[in-house]
Ligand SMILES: Nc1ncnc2c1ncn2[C@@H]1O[C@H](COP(=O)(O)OP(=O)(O)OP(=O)(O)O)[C@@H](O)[C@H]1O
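Starting off, we have a lone chain in the form predicted alone, written out as structure tokens.
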Amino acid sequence: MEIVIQNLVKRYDQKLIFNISNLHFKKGKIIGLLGDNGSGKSTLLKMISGMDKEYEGKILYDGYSLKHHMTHRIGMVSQKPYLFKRSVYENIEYPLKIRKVEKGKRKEVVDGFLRDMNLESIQDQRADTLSGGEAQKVALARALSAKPKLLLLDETTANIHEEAICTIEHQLKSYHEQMACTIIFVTHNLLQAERFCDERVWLS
């Protein structure tokens, strides 16, 4: 999914957060979104996701304004993801369940994520009791299970251990190669952005 931003203005209580005249996130690329604290990176992701609609200007998705059916093609994972107070398995299964995917197919997909992201040993554990790295892996697996064409990641690998970072990056690369999706990846880690991302965009 290609994202084009035109004359985008965001304010909080009349305070200007940012004014972006033109910004282009190319289709099928992994793009690192960088910038100082307070530059509006997280806010921009919420606006692109459709969670925040209080702004001036345009955000275009493959040339169109956001419609309800398009939101199902967008996945987002925050730095502090919200997980249901249910098992790891049920959390990953949820997007498939609400899309009425057949039970056998759901199990196949969820089992694949549990295996690939080293979550099999905790699949029955309640997700709200997990460590930071485990929670991020579950949140990512849940987002990917819906097969988004646009994936928005807000500091997804911040403050978690190296093993979890490697697992998450590997899973993202694998999904990107398989689905040719667009990934916008907010990070403060310049080395990670240079290593992991195809392109880098600075928000100031």
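Heads up: residue numbers just count along the shown sequence, starting at 1. Treat the numbers as computed from the prediction; the structure is a model and nothing was measured.
Only in words, not in the display: the form predicted in complex with the named molecule, which the text now covers.
K.L.:
Exactly one stretch in 33-41, 63-71, 160-168, 138-146 has heavy atoms within 4.5 Å of the named molecule in the model of the complex; which is it?
P.N.:
In the other structure, the partner sits against 33-41.
K.L.:
180, 190, 17, 23: which sits within 4.5 Å of the named molecule in the model of the complex by any heavy atom?
P.N.:
The residue from 180, 190, 17, 23 that makes the contact is 17.
K.L.:
Might residue 79 be said to contact the named molecule in the model of the complex, defining contact as any heavy atom within 4.5 Å?
P.N.:
The answer is yes: residue 79 has a heavy atom within 4.5 Å of the named molecule.
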